[in-house]
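Alright, here's a single protein chain in two forms, structure 1 and structure 2, each given by itself as C-alpha cells.
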Structure 1
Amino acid sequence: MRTRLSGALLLAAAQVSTLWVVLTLLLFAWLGRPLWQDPAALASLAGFSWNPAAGQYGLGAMFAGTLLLSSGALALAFPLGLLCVLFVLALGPRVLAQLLRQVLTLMAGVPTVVYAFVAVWLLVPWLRDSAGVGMGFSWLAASLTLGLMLVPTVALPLIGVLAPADASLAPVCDALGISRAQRLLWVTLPAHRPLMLSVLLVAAGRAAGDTLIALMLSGNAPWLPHSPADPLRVLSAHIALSLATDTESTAYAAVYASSLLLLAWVSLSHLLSRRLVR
C-alpha cells in the first residue's frame, strides 16, 4: 500500500512540469486573442518590422535576435565551461581546482542583473573606446556577458556527474598506465555525450530566456544586425519592454505571441537535438 502510494506520488511529481507548460500555453493562447482576431496584425507578425504606431507587429527581428545572441553566448560558454571542468577534475593543481570549483559555484549565485550592471560600466566603454566596436551596446557585448554568466550552468552539472564517474574509471585506467588527463579526455568525456547535450540544452534555454543581460546590454534596436558590433533585440527583452504598453492594445497582446514564439523555439531546439543525438 505504502509502496503504491509513494509510486503514485512520484508519478504525480513528474507531471508537474507537464501541467505547468500546458497551462501556460493555453493561458497565453487565450490572452493573445486581440492579436489572433485582427487579420492585418496577425499577418504582420512574421515580418521584420516592429512599429505598433503603424500597425506592424513583426517579431522576425526579435526572433532572429534571440537566435543570434544565444548562439553567440553558447559559443563562448560551452568551450569555456568544458575547459573549466577539465581543469577542476584533472588538469589543474588540487588547490586551484578546488578554488575554481568554488568560484564557479559562487558565480551561479550572482544575479544576471549584477553581470549586466558591471558589464555596462566596464565592458561597454571598453568595447567602444578601446576595441572600437560601434557604440558598445551590441550583440557582442551581450554575448560576452551572457556567455560568462552561463559558464557555471555548463560546468557545475558536468563536474557533479563526471567526478564520481571519472573516479570509478580510475583503477582500470591506472592499471593501463593512462594519465588523469588522458582518462578524462578520451574515456570519461566521450562516454557522457548525452549528458553534455542535456547540459548544453539547459544552457541554451537560459540563454534564450535571459532577460536582464539582453535588456541592459544588447542595445534593443528592433532590426536585423549587420555585424556583432550592431545592437539587436531579443524576444525576452521585447516582452519586458512591452509590459509598459497600453494593456488593451494589440502591441500588448504581442507580448503573449512573443512568449509563445520563445517557447516554440525552445521546444523545437529540444526536438532537433534529440533527433541529432540518436
Structure 2
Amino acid sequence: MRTRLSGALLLAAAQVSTLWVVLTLLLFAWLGRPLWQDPAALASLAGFSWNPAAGQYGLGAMFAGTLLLSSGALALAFPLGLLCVLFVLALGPRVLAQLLRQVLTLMAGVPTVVYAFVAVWLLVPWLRDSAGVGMGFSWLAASLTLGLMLVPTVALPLIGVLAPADASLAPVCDALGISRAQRLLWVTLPAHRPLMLSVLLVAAGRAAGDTLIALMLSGNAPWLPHSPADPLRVLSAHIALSLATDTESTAYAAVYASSLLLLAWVSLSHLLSRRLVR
C-alpha cells in the first residue's frame, strides 16, 4: 500500500511539474503578444543587432553569447570534474579523497552570487592588470568563474553512481591483476559513457540558465565577441537587464521571446539527459 501511494504521489508530482512548464511557456507566449503582432519586430528576432530605438530586436548575439559562455565553462568544468572523480575514487589517498569530496559538496551549496563577487574582486583585476585582458569583465572571466561553479555539478553525480559500480567490479578486476586506477579508467568509466554525457547536458542546462555570474562578469555587450577578452551578453543576463529598465515597450515584449528560447534550451538539455540515463 505504501509503495502504491508513493508511486502515485511521485507520478502526480511529475505531472504537475510538466504542466507547470507547459503553462509557463504559454504564459510567455501570451505576454509577448505585442511582439508577435508586429511583423517587422518579429522578423528582426533572428538578427544580431539589438537596438530597440531603431526597431531592431535581434537575439542572435545573445543566443550565441549563451552558447559561447556555456561552452567555455564546460570546457573547464568537465575535465576538472573528471579529475576530481578520479582522485576521489582511485588516485588520491583516502583522507585527501574524503576531504575533496566534502569540499565539492560545500562548493555545490555556495550561492552563485558569492562566486561572482569573489571573481569581481580577485579575478577581474588580475585579468585586467596582470594578464592584460581588456577591462577584465569579459567572456573569459565569466567562463572561468562559471566553470569553477559547475565542477561539483559534474563531479558529485558521477562519484555517487561510479563509486558503487566500481566497487562491484573490484573482485573480478583484482583477480585479473588490474589496479584500481586502471579499473576506473578502462572499465568503469567506459561502461558509463551515457551517464557522463547526461551529466554534461545537465551542466550545460545550468550554465545556460545562470544569471548572476554572466550579469556581473561578462561585460553585457550585446554583440558577438571576437576573442575571450571581449565582453558578451547571454540570454539570462539580457532578460535581467531588460526587466530592470523597461516594462511596456516592444523591447519588453522581446524579453518573453528570450525567456521562451532559454526555457526551451534548458528543458531540452534535461530531457536529453533523462533519455540518456534511461
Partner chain sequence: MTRRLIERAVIAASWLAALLLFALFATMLAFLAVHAAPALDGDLLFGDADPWRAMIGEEMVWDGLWPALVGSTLLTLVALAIALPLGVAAGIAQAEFDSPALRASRAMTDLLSGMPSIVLGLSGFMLIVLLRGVWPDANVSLLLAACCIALLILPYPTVATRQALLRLPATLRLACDALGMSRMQAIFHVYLPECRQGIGAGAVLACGRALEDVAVILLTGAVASFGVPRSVFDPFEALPFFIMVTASEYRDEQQLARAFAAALLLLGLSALLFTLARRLQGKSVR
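All figures in this text were calculated on a predicted structure; none of them were measured in a lab. Basically, rigid core = biggest C-alpha set you can superpose within 1.5 Å across the two forms. Please note that residue numbering is based on structure 1, beginning with 1 at the start of its sequence.
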- For the form predicted together with its partner chain, pick structure 1
- With both forms put on the same core, how far apart in Å are the CA positions of L9 between structures 1 and 2? 3.8
- Task: Would you look up how far the C-alpha of H270 moves between structures 1 and 2 when the rigid core is overlaid, in angstrom?
- Result: 6.5
